[in-house]
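Here's a solo chain for you in structure tokens, the form predicted on its own.
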Amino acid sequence: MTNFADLTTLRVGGPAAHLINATSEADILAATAERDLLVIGSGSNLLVSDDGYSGTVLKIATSGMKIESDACSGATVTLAAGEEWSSFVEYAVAHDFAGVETLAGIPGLVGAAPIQNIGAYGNEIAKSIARVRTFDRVTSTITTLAAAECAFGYRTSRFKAEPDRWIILEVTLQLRTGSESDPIKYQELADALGINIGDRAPLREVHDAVLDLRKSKGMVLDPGDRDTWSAGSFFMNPIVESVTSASLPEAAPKWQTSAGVKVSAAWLIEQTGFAKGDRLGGAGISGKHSLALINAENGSAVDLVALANRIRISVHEKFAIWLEPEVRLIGLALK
């Protein structure tokens, strides 16, 4: 029997009682009749209980890419949900498809990208999505949703809000053609490229600079480096009201957004006394980034939840802010 320790990047979790490896759309549709169905991709944003999952686990492993491209409308790319995201970004850069170059190195599959509305360095996948083809488990129909119907927000979407309803089959992206990136919006990346905010740079240079930055933070998976045995950022950067933002120290990194003031979760964690490299049981904080909780040494799901709870409670006690998990928890809950 396969364990979730073999199906997730955190490398913890109990048995998957009934695992279906879906390599075709027909495989996916055949599994939709299962009552207790957990749909997973590469497991890069998943923490499952040490008891595992007693229902059916549907692992998406489909492949395929269709491209329509011309000088006027750019490139329309339709990808099967099981395609690897980082491999596609590499392909896009190599073929002068612009718009996803700052999303290099993010682990996971294409089908998971709209669920989480993956983002990095001032960019989100929602800006490039044209439509998402799904199986709607409520109506038992194949349904295509335009981007405007997907309710995209910061690390969220309609698909994340209704996790038991939608199974993503394909994602269609609309990308600009050209060798230059979109304007760079993130200061750290601009500094790495040696340019000013708002300037453009060659796609390859942006892609490689993003990879270097992510590697320096332990955010690129490396089987030989236990410090990367994580699910990326465990917590989201909280978005708070102005009154809460004003109560924070002046040094707190924060950004105004349309939804409120976004505050650096990493800064909040570090201000409560936690540090890179800290350990609690078999779990730990990455030595490269304080937002990455890792399986440090034969860790368990219980160890990781215990550490997450300790961090979360400490931040709330000091700043009156609850950190919310970016990672999806199965059979587990935070306090």
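Residue numbers here begin at 1 and follow the sequence given. From a predicted model like this one, the values you see are computed outputs, not experimental measurements.
The same protein also has a form predicted in complex with a small molecule, omitted here; what follows describes it.
Only one of 165-173, 87-95, 249-257, 144-152 lies within 4.5 Å of the small molecule in the predicted complex by heavy atoms, and it is 165-173.
Every residue of the trio Ile106, Gly111 and Gly119 has some heavy atom no more than 4.5 Å from the small molecule in the predicted complex. For the options Ala283, Ala308, Leu268, Val39, the one in contact with the small molecule in the predicted complex, meaning a heavy atom within 4.5 Å, is Val39. Only one of Leu221, Ile195, Val261, Ala126 lies close to the small molecule in the predicted complex, with a heavy atom inside 4.5 Å, and it is Leu221. Remark: Ser44 counts among the residues lining the small molecule in the predicted complex, judged by a heavy atom distance of 4.5 Å or less. Interface residue remark: Ser230 is counted as part of the site for the small molecule in the predicted complex, having a heavy atom within 4.5 Å. Among residues of the shown chain, Ala296 is not one whose heavy atoms approach the small molecule to within 4.5 Å in the predicted complex. In the predicted complex, the small molecule sits beyond 4.5 Å of every heavy atom of His207.
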